[in-house]
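So this first bit is one chain, no partners, the form predicted on its own, shown in structure tokens.
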Amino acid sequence: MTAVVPDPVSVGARTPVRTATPRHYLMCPPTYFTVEYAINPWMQPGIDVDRHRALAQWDALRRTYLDLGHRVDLLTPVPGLPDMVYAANGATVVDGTVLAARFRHPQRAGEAVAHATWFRAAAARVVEPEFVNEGEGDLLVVGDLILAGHGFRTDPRAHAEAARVFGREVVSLELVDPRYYHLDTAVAVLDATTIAWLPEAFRPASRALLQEHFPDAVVADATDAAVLGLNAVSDGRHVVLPIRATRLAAAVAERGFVPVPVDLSELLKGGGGPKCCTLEVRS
């Protein structure tokens, strides 16, 4: 496992003290991971994929969560669904209610079924969606808010659907750069009031909304965003993020968070990082 970066010694007196909260995550091993089609700019069909290395990197991420005190449940991978490792896209869970995913591309449709089946077996309340939504790829919970992305995958009508299902305010945001095809590639939720983001990934109106709601947000470096540095997972204190996102790691450390770098370079070939691989189960 990649070591946790120690707390910065130069944190200023006004830096908030961050508190970790135990989390419950659902993950799926990359048993059948490959890049055999292209549905985002990161994917190059035919590129060599070292599945053994992908599994080792994924398992290091899983063990990182366990070492941080979190619970991790596993979804059984299904042959023919190579993107199941990106478990965050399969559902959104808030207060024990599961809004199932509905994928835009037919290659991933079976993943929604696998997720819904798992949650029903766990006796969760599962709501089948009317409109396309790609789970926590485009629906991010920040405190009492849900940030909702559209522009490439999720149907904007799904935002109102999520508001009805969860009974929470939903802030609709439009993505404009195909490299950041899901909201979780352009925004990282650090705690209930703090995000990191890449402004140029959004339309001006959406930038204004994020600036209004999060005036003290961490602004990511474009270089770090380009290695999916914002595809990060935070427990309120520890921020698990790609190892190459060094500037972002330093920026969150300056805010009192503890960066935990991990290497998911093999899974980046499919356009995913730590957050893509991690669905939070909020009871």
Ligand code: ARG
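Nothing here was measured: the structure is a model prediction, and the numbers come from that model. Each residue number is its position in the shown sequence, starting from 1.
The form predicted in complex with the ligand is left out here; the points below concern that form.
For the chain shown alone, A101 is not a contact residue for the ligand in the predicted complex, no non-hydrogen atom being within 4.5 angstroms. Taking the partner from elsewhere, H115 is found to have every heavy atom lying beyond 4.5 Å of the ligand in the predicted complex. Although the partner is absent here, I39 sits close enough that one of its heavy atoms falls within 4.5 Å of the ligand in the predicted complex.
Contact annotation for T154: none of its heavy atoms lies within 4.5 Å of the ligand in the predicted complex. In plain terms, the part of the chain that comes close to the ligand in the predicted complex, with a heavy atom within 4.5 Å, is 80-88 out of 203-211, 189-197, 80-88, 170-178. A heavy atom within 4.5 Å of the ligand in the predicted complex is found for exactly one of V219, M43, I243, A226: M43. If you take 258-280 and check each residue for a heavy atom within 4.5 Å of the ligand in the predicted complex, you get G270, G271, G272, C276, in sequence order.
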